[in-house]
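Only one chain is shown below, in structure tokens, and it's the form predicted alone.
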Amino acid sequence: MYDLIIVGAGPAGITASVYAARKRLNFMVITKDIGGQTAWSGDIENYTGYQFITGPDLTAKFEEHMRRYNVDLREEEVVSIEKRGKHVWVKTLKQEYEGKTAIIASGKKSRELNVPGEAEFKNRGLTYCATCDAPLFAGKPVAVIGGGNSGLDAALQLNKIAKYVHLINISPDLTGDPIMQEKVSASPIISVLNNTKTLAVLGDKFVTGLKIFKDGKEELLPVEGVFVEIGLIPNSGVAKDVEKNEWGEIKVNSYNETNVPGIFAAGDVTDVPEKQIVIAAGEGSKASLSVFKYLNKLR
């Protein structure tokens, strides 16, 4: 039996693992991937200690730090987290693990458009990760759907690669950081389409365009790539007994405790405001320190 099971290896989960290792806890980390949303980010200019670093490079730094401690890392998909008796049980597609405590740091996943053609053309011209797939669209006209930081970041990544970028925003104005908006406005190949709704993804074998609704009428927008960046939803469904807010985020107090004793949560999966890498990392460290104090009380 473990002292602690950490679910997720994004900034929160990795930082939690570093602190757990330094406290000499008997713990493990279960994750589907390493880095979480950080691995999908483009240029990062607001993480303390790095004036500029890319998401994949920062992810590599995180992973290197974690592996220095010979962490028991299992790449498995978690299907349930529950408290049974005095202990926490984490079930994956492969097996079940028992721990005295758990930290849920499972982050968020991309929100889907839910329009015709989205499922059909997924990975055939439609993607949710500019960092992963932007190079595949070199010299091609593309569309980015979303007017927040994720959408602006994707547009700026594609600005260096694509022939032309249509930034489609359902709201009257962009909502991303002003400095990112300035960079988008300065680009000669990015056009912003505000008050524009995406109706369908079109294509044959691969994406050939979008059907959009703008200025009271439907239009066809010819593009060869579509990047969906309309926000994220928390990966919290596996924790059924843990209290969540209306958006599915796990409710935590200032000690990262949930309503279930022994189950803690940290990072973007929680209701802590502002989804930032530096905040998730800080919450991960705080969660591990809270676990350490909780275990001391048990002893």
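All values reported here derive from a predicted model rather than from experimental measurement. Residue positions are given as counts along the sequence shown, with the first one as 1.
Below: the form predicted together with a further copy of the same chain, not depicted.
With the partner left out here, check for me: in the predicted bound form, does some heavy atom of N259 sit within 4.5 Å of a further copy of the same chain?
Looking in the predicted bound form, residue contacts with a further copy of the same chain do not include N259, since no heavy atom lies within 4.5 Å.
Would you classify K240 as touching a further copy of the same chain in the predicted bound form, given a 4.5 Å non-hydrogen atom cut-off?
Contact check for K240: no, nothing within 4.5 Å of a further copy of the same chain in the predicted bound form.
Determine whether any heavy atom of K32 comes within 4.5 Å of a heavy atom of a further copy of the same chain in the predicted bound form, and answer yes or no.
No, K32 stays farther than 4.5 Å from a further copy of the same chain in the predicted bound form.
Test of understanding: in the predicted bound form, would A39 fall inside 4.5 Å of a further copy of the same chain by heavy atoms?
Judged by the heavy-atom cut-off of 4.5 Å, A39 is well away from a further copy of the same chain in the predicted bound form.
Even though the chain is shown alone, can you say which residues of 209 to 248 have a heavy atom within 4.5 Å of a further copy of the same chain in the predicted bound form?
Nothing in the stretch sits within 4.5 Å of the partner.
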